[in-house]
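Taken one at a time, structure 1 and structure 2 that follow are two forms of one protein chain, written as structure tokens.
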Structure 1
């Protein structure tokens, strides 16, 4: 009987484990082990070269350093400004002003359609000739402010960042869901103690949101390590390397330059950065220890 039960348990676990092995385990193993090799389209046989790929990345490769710097800036912006904006929207929506449901749905739209489609929409909004932004600037009569937003070195970084930074709909609904799960008795108690609406928000709501805000920081910051299509479809990393990100550079290295080992070196670095971010954010927010 027990044997039979164990057999069923194994059968039930098997599909998930097989998928995990194919999509995560083998790839992670490959990404790490091949990062110590020389292996590309031209040098077909793989030779062990130790840490050379890593040393090359950090000392010799200005594209790598540029993409690393950009990615880290985006990680920080997304973990702070993006989450802050979403949290603010959630706090305001929690008062249920007129049309709050309409606002919530609208704000979620960029997260619900494919990122590829949204990137192309914004590419056209910022288009120098036909785009809404430049046309609006000329409507205001201040043509000096017109830019070739995505393709001018001075504005490209800003334009790419604007394709995701202001759209914190996911953060807003996650925080809002948490606010709505706070029992009203807590506010009643605070009100009896003489707390104003603002004080209630500051001393009752915010402390209880620590966990969900920490989760949002984690989701938003690490999402920048996966960010691909918004950049790929707009600036494709340019002009020069002003908007190059680590994932995009990795993609180009692997599938356009066919330098597999070097791409996997960057993959390993991405994984390490990912775990560092998780570690830091867990330390900052002491996630998992609910205050409730």
Structure 2
């Protein structure tokens, strides 16, 4: 009986495994193996050069180091600040069903707009002359704080980081859905024991949200490893390398400089960072283990 059951499981899993191997595993294998080569548009033959691309990236390439630093900072901010903000909004709205139904639709708007269209909207919002932000600052009468947000080295990184703030709404929606699934009997028992609303959120709700918060941290942090279109369409990594991300630098290396092996080196580093992030977050949140 067990053999028959295992056979059925293998049959049903086989299409997904085949698709995974063709779409993900083989390309990743090619990226990793070609990262040890000298391979660009101007070199006819692919030559094995061992770890030279990796050594060059970490010792001689300031753009790579800048893009790596920016990407890692954004990974941390996205996995902490944005998830924390979304969780706080969800806890605040949990007792206000009418408001959270409205906010649920509002928060989904950035996710329903294409990345390119949203980038154009952001360019207009941050426009130094007609943008909403500088107009609002002018309305407050503090013109000295007006900036060329996307293209000034002192504000560009902050401005780009803030463009991902609306996506905290997705975290809020996921956490709210989890809060709605918590049995009311737990809150009734806590209330009988004399717990206030704040104590109920702190000692009943928050511990039961560990899995969903961990999942949101995982999704948010890893999403930064592929963040490309917003940066490309707004600052293009500038000014200088202030907002250069690793995926954008990889793109420029592959399609503008035609240095394919070096681009694949960055791709391999991104894959390794991704696995490390998944491992650490799984360990921290013990994902997949329910406390209920």
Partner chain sequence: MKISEKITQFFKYVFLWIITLITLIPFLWIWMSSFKSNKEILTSALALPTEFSFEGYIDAFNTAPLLNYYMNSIIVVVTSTLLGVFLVGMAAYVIARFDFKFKNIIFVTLSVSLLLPITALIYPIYSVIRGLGLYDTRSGLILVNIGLGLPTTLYILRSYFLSIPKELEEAAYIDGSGFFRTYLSIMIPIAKPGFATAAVLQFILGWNEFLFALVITDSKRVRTVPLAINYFLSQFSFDYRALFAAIVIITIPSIIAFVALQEQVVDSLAAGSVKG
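Numbering follows the first chain given and starts at 1. Being a predicted model, the structure only gives us computed values, none of them experimental. We call the rigid core the largest set of C-alpha positions that still match within 1.5 Å between the two forms.
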| query | finding |
| --- | --- |
| Index of the chain form predicted alone, chosen from the pair | 2 |
| Residue 275 C-alpha shift between the two structures of 2 Å or more, rigid core reference | no |
| Shift in Å of the C-alpha at residue 11 between the two structures after core superposition | 8.4 |
| Cα displacement of residue 20 between the two structures, once the rigid core is superposed (Å) | 3.0 |
